[in-house]
Each structure stands twice: as C-alpha cells, then as structure tokens.
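One chain comes next, on its own, written as structure tokens: the form predicted alone.
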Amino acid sequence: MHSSLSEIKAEVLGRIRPRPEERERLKEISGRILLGAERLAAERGIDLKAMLVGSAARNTWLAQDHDLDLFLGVPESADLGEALEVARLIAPEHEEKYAEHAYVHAKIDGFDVDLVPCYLVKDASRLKSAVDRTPFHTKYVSERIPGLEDEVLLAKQFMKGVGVYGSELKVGGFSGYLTELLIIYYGSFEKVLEAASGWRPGVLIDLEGRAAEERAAYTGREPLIVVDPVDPGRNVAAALTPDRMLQFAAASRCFLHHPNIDFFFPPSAKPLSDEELLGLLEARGSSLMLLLLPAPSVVEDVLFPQLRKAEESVRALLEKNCFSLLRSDVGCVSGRAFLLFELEVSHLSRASRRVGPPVWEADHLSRFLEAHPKPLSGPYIRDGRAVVELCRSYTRPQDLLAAKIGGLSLGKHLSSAIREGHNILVGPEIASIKDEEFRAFLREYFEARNWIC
C-alpha cells in the first residue's frame, strides 16, 4: 500500500514517461518520414508540407505508445489526391482507410503511422475538411503545455486505467486533445480530478472566453462542453458520452479519497474458463443470447455505431414481444462481431394478453375484436377495457430473432454480414466459443464494476 499520492505519481511516471532513447527513436523515424514525404512531393512538383501532429508532436505520448500522426498539407487550391499519392509512395505496404476522406495507415519501423492529407488553411474558420483543424490544435497546445507534460501523462494513464480514454465511438471517452486542454485549463492532474469530482451533465469550459454567444446553443445538448479554442463553434468533448463523463467523475472522487495505483494499472481481465462461465450462468439464472456474425471490413468508427444501432433494434424487437432484458452489449474479436443480450427468462408462456380499448368506444372496440377473431380466451372486460388472450408465435427469444432478423434496421455493413451467415447461441452454447479475447470480454461483462464510492 502506498503511503502518499506523491509516491503513487512518481511510480506511475516511472512506468509511463518515455525514456530518452525512446524519444530519440521517435524523433529519428518521424523526421525521416517527413523529409521523405517532402522529397517525394518535390520530385513530382507537388507543393506539400509534411507535419508531425498529435501527442508525439507535443511530448504528451505515453511510453510504448508507438503511434505517429503525420499530416501532408497542400494549398487550399490543390488536390488532396496528390498528397494521398505521396502517402502511398512513402509506405508501399499500407492499408487505405477512410474517415472524412482517404488516408494511409502503415507499419513503419515498429510504429503505427497514419499519413493524412489535409489542406493548409490560413485559419480554423476556413476549414475545408475536419482534419484541417488538427495543425491548429498542435500549435495551440505546443505553446501552452511545456512544463505540464507529466500532468498530461498522469491524466491519460488514469483515464486509461478507469476505462474512459479514447474518443473513438467504441469507447465514447476523452480524446488526447481534450485531456491536454483540461490540464491547461485546471493546471495539474490533481486539480482536474478535484474539479471532475463535482461534475454533473452541463459543465462548460471555455479556455479563451471566445464563445459567449455560443453558450445557449451548447448548454443541455452534451454532458461536457469544452469550447475548442481554435474553433469556438466546436465542442471538443462532443464524442464523450454521459456515462463515460460520470464514470470519470466517480473514479476521480474515489481516487482522491483512497489513492491507489490500481486506478492507473488495473489487473487485466482473465478469460473465463468453461467452468466459470457455466457457473455464472447458473448462479444468475438468466438467459444469455449471442448473435455472432462476420465482422465487416470497416474501421471501428463505422462498425461500432452500426453495432449499437443493431443492438437497439434487437432490444426493441425483444421488448415488444415481452422479453425483458437485464443488459446488452456489443463487441468485435478475431474477425467476428457480436451482440450479447441477457434476458430475465429463457421462455415465455404460450398464452399472452392483449388489452384493447374501453368498451364504450364502439368503433375502436369493433376493430379490436375483428383483429382478434379467435383468441384463446375472451373477449372479457377488465378495468373497463376489452381483453383477449392470444397464442404467442414465439416463446423463445432465439426463435423470434431468427425469424425477424432480416427485417431489422442493422446498418448497411451489418445487414450484408448477416446475409453472409450468422449464428445465434444461447446459454451454455456460448461456451463453444474459446477465443480468449471474447472470454475476457465476458468476464468484464459479468463483473461490470466501475470505481464508485
């Protein structure tokens, strides 16, 4: 047990602060790629400026985090396709991805490198694409972050440890840029935690005081509003979900009351064994249903919104048919996407009740009776309304889902994946999936524990 907060911070920084040789290697590799890009562009008569952006440019990257974001800027009148072609030449073995526009992802000397074309706009009010804003972010933070780099590292690792770091839609948490702005605004890691401990939805942070006229438009729409200092019409925290914000607030409060290094480095979830999985299913007495399908070949920020949309569609179908849900979740492991549903019961009775209109509403009553000409029981009157008891078409959730899945709103890519083939597994059948990452996901699902005190 650590005796003081300062000891915990020192130990954490010893593990997450990049060592000099690691910094030198990043500098050497990024510099070589940048020079190579500008040389290739010059040889082809392309006016291009290559830039290192993101945490690597601001010295706020965590040890062992070997990600490089390199932007290839061209004049506003130029064609982004020229910059994309330079990116392809820099990394012949690459994967082409698409966000707002195409960019190149490659592995170079052990680093994950994104080569992103952008326009060199004169100011952030003249953006031609969303990524054009990033160089302004780098300039803003780089001018204000010196001396606070360790505070950013502590905040990032804390957020990682409590499960709220990452603005990608899979997480819905804090981006690196948002974390840096919080440190700049509050002044230290501890002061961020102190402030966050009292957060509730509707907090507004305006570092430059440039968005007074925007406040009415922001307030109430998002749980945390951090006005982008380089683009006052944008909320830096737009991707942050209410639950992730409050998860961070609760963890901050707990840590300040009871500092512990486990907040930064929680034990990793061990895969559930067959015995543990079957034991949990029996202990809970609920019914677990898994929809398994091939993962579409798209980036996570495209896949996960569709998985969440599909999750809501299936939930609505189940609840409409009287299957009560405890919880649900989605994920993707080893090339397979999945939707997990935990239901309170595995079977419903064959008989179901349908309540109709008040008996004095003659027209509505007539249509109700015509719609149910051969009920199991009824019609009879209860609390002034006509009631009939009908025979359910589906008494098991898996049968309902199998029959109706083709008509659900699942998103373009998931709908195609469903047509390629899918499996519905229930209860102990889920133990047939031996994938360790999936089994670790199940442990986290069943434990479902955040820092709350």
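A residue's number is simply how far along the shown sequence it sits, counting from 1. If you superpose the two forms and keep the largest set of C-alpha atoms that fall within 1.5 Å, you have the rigid core. Remember, it's a predicted structure, so these values are computed and weren't measured experimentally.
Separately, the form predicted together with another copy of the chain exists; it is not shown, and the next lines address it.
When contacts are defined as a non-hydrogen atom within 4.5 Å, none of L26, K107 and H258 contacts another copy of the chain in the predicted complex. For the chain shown alone, R253 is a contact residue for another copy of the chain in the predicted complex, at least one non-hydrogen atom being within 4.5 angstroms. Among heavy atoms of W199, some come within 4.5 Å of another copy of the chain in the predicted complex. Another copy of the chain is not shown here, but in the predicted complex it comes within 4.5 Å of a heavy atom of R392. A residue is said to contact a partner when one of its heavy atoms sits within 4.5 Å of a partner heavy atom; G166 fails this definition for another copy of the chain in the predicted complex, lying far away. Contact with another copy of the chain in the predicted complex, judged by any heavy atom within 4.5 Å, is made by just one of E143, E95, D112, E344: E344. The listed set V171, I184, L292, L348 contains one residue whose heavy atoms approach another copy of the chain in the predicted complex to within 4.5 Å, identified as L348.
Exactly one of the stretches 80 to 88, 259 to 267, 175 to 183, 362 to 370 approaches another copy of the chain in the predicted complex with heavy atoms within 4.5 Å, and it is 362 to 370.
Contacts to another copy of the chain in the predicted complex (heavy atom within 4.5 Å) from stretch 113 to 152: none. If you fit the rigid core between this form and the one not shown, you'll see the Cα of A57 move by less than 2 angstroms.
Core-superposed comparison between this form and the one not shown: the C-alpha position of R200 differs by less than 2 Å. Superposition of the core reveals a Cα shift of 2 Å or more for P373 between this form and the one not shown.
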